[in-house]
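Consider the single chain below, provided in structure tokens and representing the form predicted alone.
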Amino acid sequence: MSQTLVTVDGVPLKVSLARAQRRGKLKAIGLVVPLFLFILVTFFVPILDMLFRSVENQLVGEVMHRTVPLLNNWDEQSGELPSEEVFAALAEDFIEANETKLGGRVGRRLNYEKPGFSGLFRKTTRKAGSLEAPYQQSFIDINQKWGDVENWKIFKRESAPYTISYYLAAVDLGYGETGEIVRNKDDRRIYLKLFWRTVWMSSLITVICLFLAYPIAYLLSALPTRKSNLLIILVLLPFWTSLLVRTTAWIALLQQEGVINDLIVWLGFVADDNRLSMIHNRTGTIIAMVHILLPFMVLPLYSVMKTIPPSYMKAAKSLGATPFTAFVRIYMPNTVAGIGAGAILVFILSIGYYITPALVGGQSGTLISNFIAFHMSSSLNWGLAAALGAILLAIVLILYFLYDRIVGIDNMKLG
């Protein structure tokens, strides 16, 4: 008969090992939990909140809680105004909204769909105490817009707890007179152009950073350690100054009376009365952002190039390959991991930048992120800002998926 192995204190060895493994797992989980909670609170929760705000529309139904249930039974295709019962319920809701000070918020929400609702609700809220039967005529006496069936159609449509109106506006679409989805007028189509401009400029910035960073990273990897460390400090030097300071410095350099234009005029390339316009346009945005994002391309490339043995190139040359052939066939394929890491990093950072384009971009150099910030801080249309942010997130995820299918995310390395 086999004897059961036990520890010094008499516990079976199998049980003791299981306890030790369980304690080790609990310790590992305890170390991971703080990081998991941090990522959950600072990353996933804001994204989920943004996605929810892009479709959330409960304000109208909560404030106008008497009117909305009755309005849902109204036949909007009849061409007639809602019944007197709906107007009576609306009067009670306005009296309550005047006390809670929420009438203006409802008007501002509906004003996103059609200008004029904000002033209409403010005026009606102030005069809510004077409303009396017949309520339909009382509302029309306050403002003729209450007699417009189209306004009531918008009121009914946007009283639902969830809406796609923000996403429609984010892609330059809207509702027609009969409720169908139509394209906005030419003078109101701005967001699709901004999305295209953002993707195009971010791609261009990524390509320029790659062409500039590749020889720098190659030089860093080929130099002795002492010299390469010194040059790396120079690469990292911009990180030691504020982003706002660097952007402001480019304003001083790129303006028509700036240092770069003065140098070009002094060298005789352009006349003094024909100075280059390099600020408050796309040119200024591209130059400033390339300068800011260049280190994010250099470092991944350098970390990968440093691991490539020099013997690879020597072996290729010894087998008859020219330096150019050896570089293209041997060295460059080994740097694909660094190229992918740097390109993804620079592209994602540039697609969400808004400080630099806001300061140096002007009208033609601003990106979609500038309009997201505008709707968050100025127009207070958080739903539209969330919808624009969700679409931008979807674009990044699609490009990330395509990169994984073409190059392979497993080939992306930072070192």
Partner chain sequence: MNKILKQTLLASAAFGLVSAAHAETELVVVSWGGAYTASQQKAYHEPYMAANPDIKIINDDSANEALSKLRAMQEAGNVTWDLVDVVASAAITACDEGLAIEINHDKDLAKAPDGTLASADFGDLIVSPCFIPQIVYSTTFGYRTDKVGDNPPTSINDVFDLKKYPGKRALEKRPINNLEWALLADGVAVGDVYAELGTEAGVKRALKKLDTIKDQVIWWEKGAQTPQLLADGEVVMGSTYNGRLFSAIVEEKQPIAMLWDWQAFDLDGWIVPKGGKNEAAVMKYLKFATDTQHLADQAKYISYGPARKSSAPLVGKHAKLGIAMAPHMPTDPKNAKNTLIYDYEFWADNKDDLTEQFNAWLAQ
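Note that this is a predicted model, so its numbers are computed, not measured. Positions refer to the first chain, counted from 1.
This protein has a second form, the form predicted together with the partner chain, left out of what is shown; the following refers to that one.
Just one of P295, P82, G104, G340 comes within 4.5 Å of the partner chain in the model of the complex, counting any heavy atom, and that one is G104. Proximity to the partner chain in the model of the complex, defined as a heavy atom within 4.5 Å, singles out one entry of D272, D75, E177, D187, which is D187. Though the partner is left out of this view, F371 does reach within 4.5 Å of the partner chain in the model of the complex, counting heavy atoms only. Proximity of E132 to the partner chain in the model of the complex falls outside the 4.5 Å heavy atom cutoff. The partner chain is not drawn, but in the model of the complex it has no heavy atom within 4.5 Å of R183. When the partner chain is considered in the model of the complex, T366 lines it closely, a heavy atom lying within 4.5 Å. Contact annotation: the partner chain lies within 4.5 Å of heavy atoms from the stretch 193-201 in the model of the complex, the single such stretch among 325-333, 193-201, 263-271, 312-320. In the model of the complex, R108, N111, Y112, P115, G116, S118, G119, R122, K123 are the residues of 106-124 with at least one heavy atom within 4.5 Å of the partner chain, listed from first to last.
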